[in-house]
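Shown next as structure tokens: one chain only, the form predicted alone.
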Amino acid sequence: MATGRTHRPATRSRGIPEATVARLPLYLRALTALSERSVPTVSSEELATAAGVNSAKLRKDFSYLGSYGTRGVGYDVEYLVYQISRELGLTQDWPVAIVGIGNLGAALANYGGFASRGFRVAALIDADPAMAGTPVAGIAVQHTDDLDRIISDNGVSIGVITTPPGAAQQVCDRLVAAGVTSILNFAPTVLSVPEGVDVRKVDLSIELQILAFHEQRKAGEDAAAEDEGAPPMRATPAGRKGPDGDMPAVMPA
């Protein structure tokens, strides 16, 4: 199997839009589930539903891959798995280095789903001298002083940053200087990288804030619906006396 340093995926040279590239893993996940159930073919509508997109968008995305399916039959599941995997570069081995072996870094190192998708955790790196030599997921943690050598020895081209935000940019700079050209950033900060280096950011707090927004909006809609269903307040006849004098014809809300 080829390693990650031999070549890069051809999606850019083929002119596949970034939005399509972002949806390819969704299709692959749905197709893999179908493959595990020994489903031979799937329609665009069925696959679109499983991937959470509309069928027209799916067919457009697949046209960039040269896959158009067969009328009345649909798409060949195994071939699409291969085709998307090849386009994403998952038919080769991608050595990954994780920098920052705290709770999150250790959890990622122990995640078993990387290997089945073409990603091999090749190195674990941390700035704490006390962590050096500590085995995590069967891999000995190495110190950041040796980062350049570690990246070179393992042919790493993808780095995962799980450090505190204050250390993330410095780690990023060192990874790039060592030859890493793709970075997955879990630190809650924006990284500055030179042209030719790709960064994907995963910020769980932002995702939670977005969910909180939707929860608040739903709560507001529910409250509005309850108000609409409440019986209207009865008007009080003009001139009627209350304990504090004349009452208005309609009580204020």
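Sequential numbering from 1, following the sequence displayed. Keep in mind it's a predicted model, so treat the numbers as computed, not measured.
Quick note: we don't show the form predicted together with the DNA, though the next part is all about it.
- Remark: S63 counts among the residues lining the DNA in the model of the complex, judged by a heavy atom distance of 4.5 Å or less.
- Using a 4.5 angstroms threshold between heavy atoms, V42 counts as touching the DNA in the model of the complex.
- In the model of the complex, the DNA stays beyond 4.5 Å of every heavy atom belonging to W94.
- Taking the partner from elsewhere, A177 is found to have every heavy atom lying beyond 4.5 Å of the DNA in the model of the complex.
- Judged against the DNA in the model of the complex with a 4.5 angstroms heavy atom cut-off, the residues P17, K57 and G74 are in contact without exception.
- For the DNA in the model of the complex, the listed stretch (209-217, 32-40, 189-197, 65-73) containing residues with heavy atoms inside 4.5 Å is 65-73.
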